[in-house]
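Taking the form predicted alone, here's one chain by itself in structure tokens.
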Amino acid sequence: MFRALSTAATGMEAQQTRIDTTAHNMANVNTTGFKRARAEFQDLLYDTQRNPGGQNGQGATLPTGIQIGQGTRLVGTMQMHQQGTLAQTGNPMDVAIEGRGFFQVTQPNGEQTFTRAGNLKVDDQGQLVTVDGLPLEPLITIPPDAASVTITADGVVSVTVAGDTQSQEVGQLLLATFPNPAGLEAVGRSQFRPTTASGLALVGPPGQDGTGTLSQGFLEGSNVEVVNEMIDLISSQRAYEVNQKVIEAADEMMQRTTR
């Protein structure tokens, strides 16, 4: 009975973590470029009292063993990097990635991070930056007298200066891909940091080597599906209640035993 209490407690902790993960997903349902997470679990070690395939006292092989499980544990929260829905905004500074790539961002300390959020801005120096004012890599500067900005599917950025009908190229956006994007570390603000699990960034122009292409005037929304998250929430709540019932049943049995 004591074992049932601790086993059910691990189940309640697991479902609480799953609910926390679902809540985070749903809170970011409208966050540009957000990638939902999924909690993953494993069963714990078993108390093996008899191995499967052992022999009984008469030398016969036993078809089954006796193994009593001790619950579950969290092993990871996996980032799901499926493509989010593209929404047309009409803003020339909004750029969506159709494919696996990430924009490269330079942090104030010089560190490189990566993002799918393409709601770009122009800072006081004319540089293309994120909504947090962090510059993209490579640096691209928009002239102050630019009348229009065009970003092609392969990342070429061109501007048309007031009074001139000819456009001029000012740079090209590059995208990064990873062998295992699920291994990226989420650091908040729609940013990801590479790890040994993700592998090194492979940088190239859009449209080559599976990086994906760019769509100007669009934004990639969150890949959270509210209906699926609600189903997960209900499932987690029911599983939590079932584990709670196990604790109540074990407690009642202990009370009857001690009377």
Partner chain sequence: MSHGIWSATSGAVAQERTLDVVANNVANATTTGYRADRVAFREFLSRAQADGPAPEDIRYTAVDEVTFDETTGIMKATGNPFDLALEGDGWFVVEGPEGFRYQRAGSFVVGENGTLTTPDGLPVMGRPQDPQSPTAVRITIPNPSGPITIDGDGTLRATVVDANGVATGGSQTLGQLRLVRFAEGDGLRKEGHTRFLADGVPAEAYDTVSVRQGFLEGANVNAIAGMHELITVSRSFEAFQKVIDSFQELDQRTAREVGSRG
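Numbering follows the first chain given and starts at 1. Fair warning: this is a prediction, and the values are worked out from it, not measured in the lab.
Beyond the structure shown, there is the form predicted in complex with the partner chain, which is absent from this document and is the topic of what follows.
K.L.:
For the partner chain, considered in the predicted complex: do all three of N25, F192 and Q216 come within 4.5 Å of it, counting heavy atoms only?
P.N.:
None of them does, since no heavy atom lies within 4.5 Å of the partner.
K.L.:
Can you work out whether N180 and the partner chain are in contact in the predicted complex, taking contact to mean some heavy atom pair no more than 4.5 Å apart?
P.N.:
Yes, N180 sits close enough to the partner chain in the predicted complex that at least one of its heavy atoms falls within 4.5 Å.
K.L.:
Look up in the predicted complex whether T21 has a non-hydrogen atom within 4.5 angstroms of the partner chain, and give yes or no.
P.N.:
Because no heavy atom of T21 falls inside 4.5 Å of the partner chain in the predicted complex, the answer is no.
K.L.:
Check whether V29 has any heavy atom within 4.5 Å of a heavy atom of the partner chain in the predicted complex, and answer yes or no.
P.N.:
Output for V29 is no: heavy atoms all beyond 4.5 Å of the partner chain.
K.L.:
Check R73 for me: does it contact the partner chain in the predicted complex (non-hydrogen atoms, 4.5 angstroms)?
P.N.:
Output for R73 is yes: heavy atoms within 4.5 Å of the partner chain.
K.L.:
Of 74-82, 101-109, 154-162, 136-144, which is the one stretch near the partner chain in the predicted complex, taking non-hydrogen atoms within 4.5 angstroms as near?
P.N.:
It is 74-82 that comes within 4.5 Å of the partner.
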